[in-house]
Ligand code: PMP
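Here you get one chain, nothing else, as C-alpha cells; it is the form predicted alone.
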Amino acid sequence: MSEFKKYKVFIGDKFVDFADANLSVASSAVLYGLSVYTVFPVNKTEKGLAAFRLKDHFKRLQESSHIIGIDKFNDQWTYEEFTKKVKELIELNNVEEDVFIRASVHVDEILPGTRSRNLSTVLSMFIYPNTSIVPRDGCRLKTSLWRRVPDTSIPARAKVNGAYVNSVLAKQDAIDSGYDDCIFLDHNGHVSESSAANVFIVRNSTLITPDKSSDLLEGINRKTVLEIARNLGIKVEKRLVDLTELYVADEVFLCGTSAYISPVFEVDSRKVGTGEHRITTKIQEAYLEATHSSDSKFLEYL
C-alpha cells in the first residue's frame, strides 16, 4: 500500500494526495459498488512514456456506464479531456517506469435505495505498480466452486466494481486450495474466464478462446491477442470451450492488463501439455513489442 500512497491522485476536478482521495461512506459507490472502471498500462518506449490502447479504455468506461445506466459521465467527459488528465497525472507524479492507471467512474450521490440514472458522478484516476495478479512464469488454476455471474444478472461487458465480489469468492477459494487463480464456468458449464483475465487454449496449433456468449468480459487484451495471433499467421477460433478441453490442451494461458500473457502449467491437478508453450511464447514476445516499442507494427495502440 505504501507504493500507492506516494502518488498524487485525480478525483473530481483536482489532484490530491492519496490520503485525501475519498468518497462518502453513504455514497452509492460505497453502499452498492456502483462504480465502473478500467485499468491500462503506461509503459516506457524508445520515444518516452505511452499509454496502451487508451481510446479503447475510455470507450470501455463509456460503454460500462451506458450499460449500467450511469448517464452523467458520457455527458461530462470527452476522450480529449480524459487524455489531458492522464497526461497531467503522469507529469505531476514524475513517472519514469512502467505503471498501471486505474480510472473509475463513481456514483457519489448520497441517497436511500438503489438506482443509477440522473445521479452525480466523479471520475478518479490513480497510479500503482505494474504487479501481475498471477505468476508470469507459469500458474496453476482450479475450477471454481462459484459460477460466473450470468449476463442476465450483472453484465460481464460492464466492468462494475460491485460485480467483482463474484471474482473475490472464486479467487479466494482457489488460493485456499493452494492454487494461483480459478477457472470460472458459466451456468451452462462452459469455460468463461479466470477471476480477472481471459483464457486461451492451444489445440493442434489453433488458438481457441471462449466466445462472447460465455459471460466473459470482452477484454481489450483479449482483442489484442487475437489481432497479434492473426498477424503471426496463427489460426484462431472463438467458440464454446468445455472444461475438459483445458485438460487435453497443448497450451493454456491467461491474458489481461494485470495478468499480462501468463502461461498455465496446471488445471485441477492436471499438467497442461508437455510444459512447452511455443505459441504462448510467440504471443508474449509480440505483446511485449506492442506495449513497449514505438517502432512496432502495432504503433497505433500507443
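Counting begins at 1, following the sequence as shown. These figures come from a predicted structure and were not determined experimentally.
The form predicted in complex with the named molecule exists for this protein as well; it is not shown, and the discussion that follows is about that form.
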Heavy atom distance at most 4.5 Å to the named molecule in the predicted complex, all of Arg148, Gly219 and Thr257: yes
Listed residue that, although the named molecule is not shown, lies within 4.5 Å of it in the predicted complex (heavy atoms), from Lys142, Lys171, Lys159, His190: Lys159
Single option in Ser214, Ser104, Asn198, Thr121 placed near the named molecule in the predicted complex, where near means a heavy atom within 4.5 Å: Asn198
Proximity of His277 to the named molecule in the predicted complex, heavy atoms at 4.5 Å: no
In the predicted complex, Arg60 touching the named molecule (heavy atom, 4.5 Å): yes
Proximity of Trp77 to the named molecule in the predicted complex, heavy atoms at 4.5 Å: no
Contact label in the predicted complex: Tyr164 to the named molecule, heavy atom within 4.5 Å: yes
Proximity to the named molecule in the predicted complex (heavy atom, within 4.5 Å), stretch among 249-257, 28-36, 43-51, 263-271: 249-257
